[in-house]
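Below, in structure tokens: the form predicted alone, a single chain.
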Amino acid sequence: MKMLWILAFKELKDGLRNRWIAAAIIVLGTLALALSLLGSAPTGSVKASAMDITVISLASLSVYLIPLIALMLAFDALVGEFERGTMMLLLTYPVARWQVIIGKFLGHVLILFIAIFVGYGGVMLIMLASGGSIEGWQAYVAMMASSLLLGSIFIALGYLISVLVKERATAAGAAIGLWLVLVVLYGLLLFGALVIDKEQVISQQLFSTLMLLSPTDSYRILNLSMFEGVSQAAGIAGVASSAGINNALLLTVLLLWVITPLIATLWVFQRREL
């Protein structure tokens, strides 16, 4: 465990030196503050707190932004070390290969944790300090925690890319391609298929299963259905439960999306020639 945390804090120091943390905090905090101001506007006939509306907006934004930040953190975590020749130097120390992967992963998750909980959490404190209602804070905190879980998924996927390719440029291109497929294209294709399905070949159960295959859709459903105030404001109250989707299932799917790429990365890295 000591070696894992040494490697993790090395990644954290690199993140501080390269200003990754500062940039992520500024981006997340600025957008969260802007959306919180919109969330304080009247919501019409739907009774919802400002935080509930902010959670809906931030969850929709985080689906795109958090995976991109995570991939940019992780895409060269391994291939970059190989290109610079520092990986061979690192492995001359008494450190196992699995410790390198897990240590780096913990470090990048820690960077993302700081960015999310300072960026998003700081805005929540500003809302409360300015006289905002505390109602809905549980949904906001849960959204921050699930955003960290979503980011962890794409850090793990970034590591898998990084261990499979030979050059940083290839890893960068593959990371952007993966982001486009999982974050943008999959949802568009799924809803496009639903729109043109005039004969209703796609059942509700099949559609729900296809949505669960996507980590971003699972994240979105989790945040929009976990708390009653948010689900009512989002207009999907009862939809997830009627489709047989519950919070435990969604969390299990998201955790599997973290574990599976990490295991694959470890397997490839153990067999890779230095």
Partner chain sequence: MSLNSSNKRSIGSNPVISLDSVNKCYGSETVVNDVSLNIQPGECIVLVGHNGAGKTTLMKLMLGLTRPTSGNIEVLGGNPAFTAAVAQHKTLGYLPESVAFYEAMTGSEVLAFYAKLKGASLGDCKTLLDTVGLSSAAKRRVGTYSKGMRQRLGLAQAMLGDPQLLFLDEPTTGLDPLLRHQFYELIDGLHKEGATSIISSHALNEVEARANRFVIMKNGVLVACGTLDELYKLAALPIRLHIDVTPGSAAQVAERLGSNVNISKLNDQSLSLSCVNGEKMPLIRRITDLGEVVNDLQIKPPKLDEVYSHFMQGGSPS
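Since we're looking at a predicted model, the values are computed, not measured. Numbering follows the first chain given and starts at 1.
This protein has a second form, the form predicted together with its partner chain, left out of what is shown; the following refers to that one.
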- What stretch, of 157-165, 82-90, 178-186, 116-124, brings heavy atoms to within 4.5 Å of its partner chain in the predicted bound form? 82-90
- Query: Any of the heavy atoms of Met1 lying within 4.5 Å of its partner chain in the predicted bound form?
  - Reply: no
- Message: Taking its partner chain as it sits in the predicted bound form, is Ile134 near enough to touch it, meaning that at least one heavy atom pair lies within 4.5 angstroms?
- Response: no
- Hey, in the predicted bound form, is Gly192 touching its partner chain, heavy atoms inside 4.5 Å? no
- Task: Check whether Leu128 has any heavy atom within 4.5 Å of a heavy atom of its partner chain in the predicted bound form, and answer yes or no.
- Result: no
- Message: Within 4.5 Å of its partner chain in the predicted bound form - does that hold for a heavy atom of every one of Asp14, Ala96 and Leu274?
- Response: yes
